[in-house]
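In structure tokens, the next block holds one chain alone, the form predicted on its own.
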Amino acid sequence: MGRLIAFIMARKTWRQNLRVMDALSIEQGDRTLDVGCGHGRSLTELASRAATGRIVGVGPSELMVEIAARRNWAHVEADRVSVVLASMESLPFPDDSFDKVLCVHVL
């Protein structure tokens, strides 16, 4: 069921995710965090916009983290994207780790 939800979410939320990424004006070297990265489709787009940057997706669901990592396996293998299982209340990153942060459709 979770995989079906991820498939639907990847299509239904895409326009909003693109609007947020456009508003952030992602630059080539930006270190960007996607809080609640879900299915990971945005991580792929962020990696293309920040070709020399670093992209990290974080989410509380083991299944979604697995889906996001698989979707982005080439970027993960190239050490350009990381997907981290973590609670939003306790992000495992030091201050000033990121230039930009997005959080779309997260409750």
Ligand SMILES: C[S@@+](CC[C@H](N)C(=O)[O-])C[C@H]1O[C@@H](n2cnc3c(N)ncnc32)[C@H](O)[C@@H]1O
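For every residue, the number given is its place in the sequence shown, counted from 1. Everything quoted here is computed from the prediction, not taken from an experiment.
We do not show the form predicted together with the ligand, though everything after this point is about it.
Contact annotation for the candidate site: Arg31, Ile55 and Ala78 all lie away from the ligand in the predicted bound form (no heavy atom within 4.5 Å). Of the heavy atoms in Ala23, none are within 4.5 Å of the ligand in the predicted bound form.
The ligand in the predicted bound form comes within 4.5 Å of a heavy atom belonging to Met64. The closest heavy atom approach of His39 to the ligand in the predicted bound form falls within 4.5 Å.
Interface residue remark: Asp96 is not counted as part of the site for the ligand in the predicted bound form, having no heavy atom within 4.5 Å. Residues Ala86, Ser87, Met88, Glu89 are the members of 79-96 with a non-hydrogen atom no more than 4.5 angstroms from the ligand in the predicted bound form.
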